[in-house]
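Below, in structure tokens: the form predicted on its own, a single chain.
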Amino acid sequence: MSDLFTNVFLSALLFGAVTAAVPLLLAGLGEQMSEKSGVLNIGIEGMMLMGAYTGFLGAYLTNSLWFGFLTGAVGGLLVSCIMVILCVRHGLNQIVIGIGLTLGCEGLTALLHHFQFSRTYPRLPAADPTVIPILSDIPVIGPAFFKQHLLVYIAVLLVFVATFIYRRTQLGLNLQAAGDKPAALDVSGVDVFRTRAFAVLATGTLAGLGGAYMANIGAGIFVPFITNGAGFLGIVLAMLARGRPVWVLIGAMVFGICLSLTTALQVAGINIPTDLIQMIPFLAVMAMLIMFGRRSTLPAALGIPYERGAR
């Protein structure tokens, strides 16, 4: 235990936390927008998984991480199109369709990976970090926060972009109204279906990008079921954040720390069963739900299909 809380241990813990938090952050931001518009996107796990596969495949075939991020975002977007057609346009049950999308993407990506690579698991080369001068030299936090891939900084920037959209723009008001009073939004002349479709498509894009980051940067490899429940953690983050993107960022870091404990403890030379460490994020979820779940507020029309003219 003497190796705990040393600079090496803390640096490894925080660096791993950031790496694990970015996919959760992107998924949480996307889910938050979807929920604001009234769509409970349970299929976000499948969108992340499809983004991880297509993102890895794009990067592997072209030797370009950025092309991999693009193909990952497109992969998540394509899955979200199914959600738009079935749930937003035709009003089918959002939970059932979301679960179906997740299970379908799990099977499809495993099958595609098997046909593409058989039993081999090729690895991508390590990504070059973007180093921020001066700040990167700060002990402990410098290497963890200021020697990361550029996409990490873009993900954090999206938190402030989302905050600005929700508080200062007409789009933010439309999203809020689509989730709280869709009939009133319709009467005002704004298409509820288009507003919700935009939110779901944005969710799929961000989830796919998060999955691509997980495969290309976090692991450097794709294996079936690589997301391991990250999409569901993103749903919890969105619900607990109460419409505030900054709280999604804070929650993602908390879960990221839990997820990075395994690597950090190995660096410190402490042997703890891996299964025990992997339980920590989900124990943290239950603890956060107990502490903050009652105070979380959800849109009044969340999960309810909108029918024009219905009373």
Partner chain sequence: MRVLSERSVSPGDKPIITLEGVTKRFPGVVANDAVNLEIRPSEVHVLLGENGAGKSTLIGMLSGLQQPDEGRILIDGEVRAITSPRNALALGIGTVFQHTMLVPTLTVAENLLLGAPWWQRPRKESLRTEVEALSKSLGMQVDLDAVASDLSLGEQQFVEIMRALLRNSRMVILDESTSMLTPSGIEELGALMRRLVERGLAIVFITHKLREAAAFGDRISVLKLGRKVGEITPERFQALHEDDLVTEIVDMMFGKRSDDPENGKRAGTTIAEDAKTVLAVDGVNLPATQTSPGLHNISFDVREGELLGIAGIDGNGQKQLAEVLAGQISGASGKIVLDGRNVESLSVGGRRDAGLRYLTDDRLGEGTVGTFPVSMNFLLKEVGKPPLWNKGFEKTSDIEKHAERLIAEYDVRTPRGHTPVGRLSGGNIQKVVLARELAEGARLVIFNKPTYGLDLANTLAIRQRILDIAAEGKGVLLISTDLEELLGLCDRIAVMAEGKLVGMVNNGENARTEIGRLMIGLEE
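No experiment lies behind these values; they were computed from the predicted model shown. Numbering follows the first chain given and starts at 1.
The same protein has a further form, the form predicted together with the partner chain, not shown here; the description that follows concerns it.
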Next on the checklist: Quick check on this chain: which one of 74, 173, 140, 81 has a heavy atom within 4.5 Å of the partner chain in the predicted bound form?
Outcome noted: 173
Item to check | Among the candidates 201, 159, 177, 144, the residue which, in the predicted bound form, approaches the partner chain to within 4.5 Å (heavy atoms) | outcome: 177
Next on the checklist: So in the predicted bound form, is the partner chain close enough to residue 133 to count as touching (4.5 Å, heavy atoms)?
Outcome noted: no
Checklist entry - Can residue 154 be called a contact residue for the partner chain in the predicted bound form at 4.5 Å between heavy atoms? => result no
Next on the checklist: Considering non-hydrogen atoms and a 4.5 Å limit, does the partner chain approach residue 187 in the predicted bound form?
Outcome noted: yes
